[in-house]
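Just the one chain here, the form predicted alone, laid out as structure tokens.
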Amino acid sequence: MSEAVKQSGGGTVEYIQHHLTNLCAGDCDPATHQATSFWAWHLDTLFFSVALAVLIIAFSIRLGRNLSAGAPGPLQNFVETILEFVAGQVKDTFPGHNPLIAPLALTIFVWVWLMNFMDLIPVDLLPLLAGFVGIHYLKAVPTTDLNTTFAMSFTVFALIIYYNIKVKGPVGYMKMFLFHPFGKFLVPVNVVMSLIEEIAKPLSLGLRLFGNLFAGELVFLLIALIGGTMAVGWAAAFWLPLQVILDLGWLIFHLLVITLQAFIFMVLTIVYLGMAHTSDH
């Protein structure tokens, strides 16, 4: 059994709970280490989110200083491929032109992908290293925290409301609630349907990303338990190779999942902002 399991009490349930508990500061329950009010901070989520954002900024600055128009290297070619891919998605999906949309889409895609990528690091590695410095709870995947996914989705939602009002005007935005989708004879129904439609946007963005990454994290934990609880004595000759095979298979599949989830979050952001820029919605 790994060190993390020993620290959490040695049981399967304790092991999973230990890995799914954030490093909480502020108003946190001393027994469960869960937030008890709004004034609680998940320090691990904040640290890894900000650290990956700083990594993106530092990498972009360094790459920008070493751009070559004549003979670009492999790294520059790779980054240009991503830029062209995102630009193509914006061109195909977004009506008109807004200088904010492409940079926003690129930032979302890269940042969400990097946060998702943390799920591919062995589940016991970072918690074990953190334990050496007295940190006994650590979740290294920011997108397995609802606070992260909802923070991003509500930021996008704020932009949706802003551009709806800017493009349609306050009166036009109100008309969208009053007369869409069934016309002027069903105004109460229109209001309810439009509210549901608008509220569903941030909820679907946040919950979809969280659900897929949280489920992926659980699968990695369950695979890790194969080597921790079943590989005892001669049984290790069977269970440990099986764990390696399952871990490798899920890692390869999950690499597609984290990329797909970053892509979906980016595309839906473009689509929702595109809808906000159309005056006939």
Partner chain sequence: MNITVSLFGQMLAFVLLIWFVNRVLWGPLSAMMAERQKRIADGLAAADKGKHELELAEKRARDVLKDTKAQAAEILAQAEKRASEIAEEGKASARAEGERLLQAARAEIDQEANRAKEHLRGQVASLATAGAGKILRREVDAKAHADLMKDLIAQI
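Since the model is a prediction, treat every value here as computed from it, not as a measurement. Positions refer to the first chain, counted from 1.
The same protein has a further form, the form predicted together with its partner chain, not shown here; the description that follows concerns it.
Heavy atoms within 4.5 Å of its partner chain in the predicted complex belong, among the stretches 104-112, 188-196, 120-128, 172-180, to residues of 104-112.
Here the marked residues W41, V79 and L83 all reach its partner chain in the predicted complex, each with a heavy atom within 4.5 angstroms.
In the predicted complex, its partner chain lies within 4.5 Å of some heavy atom of A35. Of the heavy atoms in Y137, none are within 4.5 Å of its partner chain in the predicted complex. In the predicted complex, its partner chain sits within 4.5 Å of a heavy atom of A87. Looking at S204, you'd find every heavy atom of it more than 4.5 angstroms from its partner chain in the predicted complex. The partner is absent here, but in the predicted complex a heavy atom of A53, alone among L222, V244, A53, L255, sits within 4.5 Å of its partner chain. Along 143-170, a non-hydrogen atom within 4.5 Å of its partner chain in the predicted complex is carried by L146, N147, T148, F150, A151, M152, F154, T155, in order along the sequence.
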